[in-house]
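Take a look at this single chain in structure tokens; it is the form predicted on its own.
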Amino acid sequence: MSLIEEMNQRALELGVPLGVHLDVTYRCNERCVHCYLDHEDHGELTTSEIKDVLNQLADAGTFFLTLSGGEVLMRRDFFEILEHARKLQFNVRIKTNGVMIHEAEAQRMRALGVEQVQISVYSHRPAVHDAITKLPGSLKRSVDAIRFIKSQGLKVTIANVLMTANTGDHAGVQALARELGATYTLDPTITPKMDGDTSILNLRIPGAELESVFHNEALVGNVEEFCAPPPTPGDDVLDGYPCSAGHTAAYITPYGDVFPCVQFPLPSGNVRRQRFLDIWRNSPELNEVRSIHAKDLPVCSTCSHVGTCTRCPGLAYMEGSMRGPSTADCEKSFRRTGIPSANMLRKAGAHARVPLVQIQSLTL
């Protein structure tokens, strides 16, 4: 067992929020076509409020801290926040588009001991990348930022979200990552907006193209599919938990709302009204999330993919039930293996005369 696995195991046993994702703002200098956020400022946490939240997270035992947005550098106090986080000894990862990072910002990140910086790159072609971000020149600025950060000896990950607008460009982005000395990850999931708007789901790539991604040997180990679930108690996968959300991980919005995960917008409390640790331990919503095992999922517990599926309970929640299937994950399991999920078979049953071989063509 690795050290990280041991830490996750102990965190699960002790009820510790080992990793927390904190969005410091939803404001952004890009307007990505697939973004799930509202970029207006509806009353962000102040500098002092964020520092107090960081103190609370340290007291709760959090070690891994992701600072994200929006664009983190839209906050003029970002480095003050980062400095406070590092004083508290958090292992800090920053998610950014990089367009506001120059040599001075990269040097300061290095001086403060940032563990890793993740920058989104959607295509190696400026016309495609900039059309997605709606910010002319954004690819060049993001690539320049990667070079600045790498020059300081920091780890950089290039995150490549796959959608209809950049289908076929992942090989070029992967090659760019190699050239820049950055780690490459590909995320094939487009999620609904935080307010439940599903209009951006039409950007998801068609199933046949998704299948080619999963069977592309050059991408093995690079597809970012899901958050690692906490350790399964015992050997029975049906006793396992869907993911780490609410078990060893949590998400805090720029307005202080606490959710199980950034992709699981279940309101569970607010740090402006209650201490984080009180929310973490006593929130009825988080306790409900923790109570769910694979065997408690009416459809998924009967599925042949139950032990290997990347099912996201947050996506399932946004489809109507945190105990239900996530159709996006059903599709991914099918495209990976060629074996229909229980949810697909159930839907096929609703089309009494549809042969099994035509399941692939059904709308999930």
Partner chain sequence: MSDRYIARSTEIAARILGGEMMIMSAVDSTFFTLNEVATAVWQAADGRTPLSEIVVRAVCDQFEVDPEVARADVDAFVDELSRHGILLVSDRPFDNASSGPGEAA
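Residue numbers count along the first chain shown, from 1. Keep in mind that what you see is a predicted model, and the values were worked out from it rather than measured.
Beyond what is shown, the protein has a form predicted in complex with its partner chain; the following relates to that form.
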Check your understanding: Just one of 275, 150, 290, 110 has a heavy atom within 4.5 Å of its partner chain in the model of the complex. Which one?
Key -> 110
Exercise for review: Would you kindly say which of 134, 102, 155, 125 lies with a heavy atom within 4.5 Å of its partner chain in the model of the complex?
Suggested key: 155
Exercise for review: For the three residues 243, 345 and 348, verify that every one has a non-hydrogen atom within 4.5 Å of its partner chain in the model of the complex; reply yes or no.
Suggested key: no
Exercise for review: Determine whether any heavy atom of residue 11 comes within 4.5 Å of a heavy atom of its partner chain in the model of the complex, and answer yes or no.
Suggested key: yes
Point to revise | Partner proximity in the model of the complex: residue 185 to its partner chain, non-hydrogen atom cutoff 4.5 Å | key: no
Point to revise | residue 144: touches its partner chain in the model of the complex, heavy atom cutoff 4.5 angstroms | key: no
Review point. Looking in the model of the complex, any heavy atom of residue 106 within 4.5 Å of its partner chain?
Key: no
Point to revise | Stretch in contact, per heavy atom within 4.5 angstroms of its partner chain in the model of the complex, of 55-63, 28-36, 292-300, 307-315 | key: 55-63
Check your understanding: Even though the chain is shown alone, can you say which residues of 278-297 have a heavy atom within 4.5 Å of its partner chain in the model of the complex?
Key -> none
